[in-house]
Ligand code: AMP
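Encoded as structure tokens, the following chain is the form predicted alone, with no partner shown.
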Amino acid sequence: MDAILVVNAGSSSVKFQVFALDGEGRLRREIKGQMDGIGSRPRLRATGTTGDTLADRAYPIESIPDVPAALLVAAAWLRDELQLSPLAVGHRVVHGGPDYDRPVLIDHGVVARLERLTTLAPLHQPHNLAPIRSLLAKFPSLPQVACFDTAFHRDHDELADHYAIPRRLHDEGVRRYGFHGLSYEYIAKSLPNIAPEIAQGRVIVAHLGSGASMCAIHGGRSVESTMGFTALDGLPMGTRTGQIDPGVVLYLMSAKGMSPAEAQDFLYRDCGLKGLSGVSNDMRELQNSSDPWAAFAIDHFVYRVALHAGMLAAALQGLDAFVFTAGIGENSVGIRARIAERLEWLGVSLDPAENARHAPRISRAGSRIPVYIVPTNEELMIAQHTLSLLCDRHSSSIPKQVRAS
């Protein structure tokens, strides 16, 4: 089976999907799986196209101590038991920095440049790169492609990308990048089929999950994002602060005696919904909690989403549609309703029945601003980029019908 393997590696799990190429060169997901519990209770789970279980097995802790080991075990399972030898591997890499505005074939030089961006995405970059290095060492001839969460935003106008700091720092790469770009790119490419009447218009997309951000899209291109230099900025997230006065960081270091590393760890891991509520970083748990601070954390989240919607509408100089996506955006009836209520001034009028059944369009027929739910698919976006790059650079190894597509 000609296939693309897509890998999304975290600190204690490796998620993967396998996309097969059909006779017309289209991608179809065949396998979805993950190796989680790395370093504690390693477990491989995988399902097929119909949700049927393909694997569910535990491993001794010592056999899978880290992310590279987990990927190699999963790869061995795919190769030995399913006879899968992928044409290439596509990786989600959170930060592409100033060097990368599109997917790139990976070599040791690319890895070295991406390692220098670790301080800009400390929760993600080291784990994104670990399986890449492992596969480079074990399978040096296997093509690997890095797909960046920052790339979709790289066409921003200079006014949107600059901070009010000396130009030399901007030239060094201290600028607003934006993240969740693979998700936004997928939404932008999907809108012509889902809602062609607004696909080329001014759209705000709210990617609301444990990591959360919003993006202003006009004509299918990113115009503005709530995230900036790092994935800390913008909306409050599961454990990340979102927008915060830089003076707070200075205060943590000067008055509280935190080192830069301690302040970074605090802002990434102990804040957001977790810090506000003192209960959980999981929106589902907060909604089921009777703790008043859990309710406050939800109120704060909704308020900040609505606040940033106003900013993005200003960047677009108007608004033609609003889209919810990602875990909270796709699944939480209550959060969507509360955000929509705060956006009534923009012309949003939600249909409670359509919202309750998670319909593709959840606004009333007469709503001036239509509201949609569009499930995201970052993995398919990565697979498409990987296949495209593979066709461009290694066309001799791709089936003729794929090269012609």
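All values derive from a computational prediction rather than experimental measurement. Numbering starts at 1 and follows the sequence shown.
In what follows, reference is made to the form predicted together with the ligand, a form of this protein that is not presented.
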Can you tell me whether the pocket in this form is open or blocked when the ligand is overlaid from where it sits in the predicted complex, based on ligand atoms within 2.4 Å of backbone or C-beta (3 or more = blocked)?
open
Have a look at Q125, T241, S332, T230 for me and say which one sits with a heavy atom within 4.5 Å of the ligand in the predicted complex.
S332
Heavy atom within 4.5 Å of the ligand in the predicted complex: which of R133, R284, R79, R102 fits that? Just give me the one.
R284
Would you check, heavy atoms only and a 4.5 Å threshold, whether L129 touches the ligand in the predicted complex?
no
Would G97 count as touching the ligand in the predicted complex under a 4.5 Å heavy atom rule?
no
Just to confirm, G327 within 4.5 Å of the ligand in the predicted complex by heavy atoms?
yes
Is P143 close enough to the ligand in the predicted complex to count, meaning some heavy atom within 4.5 Å?
no
With a 4.5 Å heavy atom cut-off to the ligand in the predicted complex, the contacting stretch among 262-270, 71-79, 190-198, 204-212 is 204-212
Only counting heavy atoms and a 4.5 Å limit, does any residue of 52-88 reach the ligand in the predicted complex, and if so which ones?
none
